[in-house]
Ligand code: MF3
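Only one chain is included here, represented as structure tokens and corresponding to the form predicted on its own.
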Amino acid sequence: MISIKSEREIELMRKAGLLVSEMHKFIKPYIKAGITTKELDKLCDDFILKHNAVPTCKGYEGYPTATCISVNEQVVHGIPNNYTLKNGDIVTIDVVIGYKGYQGDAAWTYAIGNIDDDKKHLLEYTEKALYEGVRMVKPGNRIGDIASAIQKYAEAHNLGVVRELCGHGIGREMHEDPEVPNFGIPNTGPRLKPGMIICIEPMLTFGKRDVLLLDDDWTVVTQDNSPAAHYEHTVLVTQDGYEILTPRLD
């Protein structure tokens, strides 16, 4: 069931979303060659706890850490470990933070040092695809309008659209109805109404769109080992459009 948030709930989710934004701003200077993904996760975990919030991913269905950190061909749900970032890598940090029972969620892909032109293209147009989807958010539009806008933009820039993964509603739970795919047909799916809050999150590849799940039962990678990028915002449907609850502060 798709829930419509009250003004009180929306305000709590604004605070949760702002904490997510602040965490990304905090961690960005540390994202450089020589640091391990495990060290990045520890910094994020400490930041969340310091702000009297909850690292919602930690313990979710057995997931072990506060963040999902995915490198290069890893699409999503990479588990932080002793991998040391190096020049030319790209790395996605995806985090869900709980504040007084409500969630905020955002992911960003970062470049480590000098990345090649293929990865630059991937990052630029995956982020732009996110905003193509966000622009479709307004009362009366439908989930398919968001999905179609992302797919059309991504494929126009020769990027693969991962179909096994999607965005979602969010509120008291990390994942709520409706699902928000990154491919679809305009004017289909649930209709957007004021007070709905959704996560829009294109997950795109610089190669084929096919993915597989690693033996850890979490990490999703591209089948052809091409690089992948992931950008995500938590978005409120307002009376006449949208409000991004996880604004970039950098």
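Quick note: we count residues from 1 along the sequence shown, nothing fancier. None of the values given here were measured: they were computed from a predicted structure.
Separately, the form predicted together with this ligand exists; it is not shown, and the next lines address it.
Colleague: To test your reading of this chain, name the stretch in 141-149, 80-88, 115-123, 166-174 whose heavy atoms come within 4.5 Å of this ligand in the model of the complex.
Modeller: Result for this chain: 166-174.
Colleague: Can V96 be called a contact residue for this ligand in the model of the complex at 4.5 Å between heavy atoms?
Modeller: Answer yes; at least one heavy atom of V96 falls within 4.5 Å of this ligand in the model of the complex.
Colleague: Using a 4.5 angstroms cut-off on non-hydrogen atoms, would Y30 count as touching this ligand in the model of the complex?
Modeller: Answer no; every heavy atom of Y30 is more than 4.5 Å from this ligand in the model of the complex.
Colleague: Is F26 a contact residue for this ligand in the model of the complex, using a 4.5 Å heavy atom cut-off?
Modeller: Close contact is absent here: in the model of the complex, F26 is far from this ligand, nothing within 4.5 Å, heavy atoms only.
Colleague: With a 4.5 Å heavy atom cut-off, would you call Y63 a contact of this ligand in the model of the complex?
Modeller: So Y63 counts as contacting this ligand.
Colleague: Counting heavy atoms only and using a 4.5 Å cut-off, do E73, V161 and D210 all touch this ligand in the model of the complex?
Modeller: Zero of three within 4.5 Å in the model of the complex.
Colleague: Out of C44, C57, V220, L192, which one falls within 4.5 Å of this ligand in the model of the complex, going by heavy atoms?
Modeller: Looking at C44, C57, V220, L192 one by one, just C57 meets the 4.5 Å heavy-atom criterion.
Colleague: Pull the contact list for 134-165: residues with a heavy atom within 4.5 Å of this ligand in the model of the complex, in sequence order.
Modeller: If the 4.5 Å heavy-atom criterion is applied to this ligand in the model of the complex, 134-165 yields nothing.
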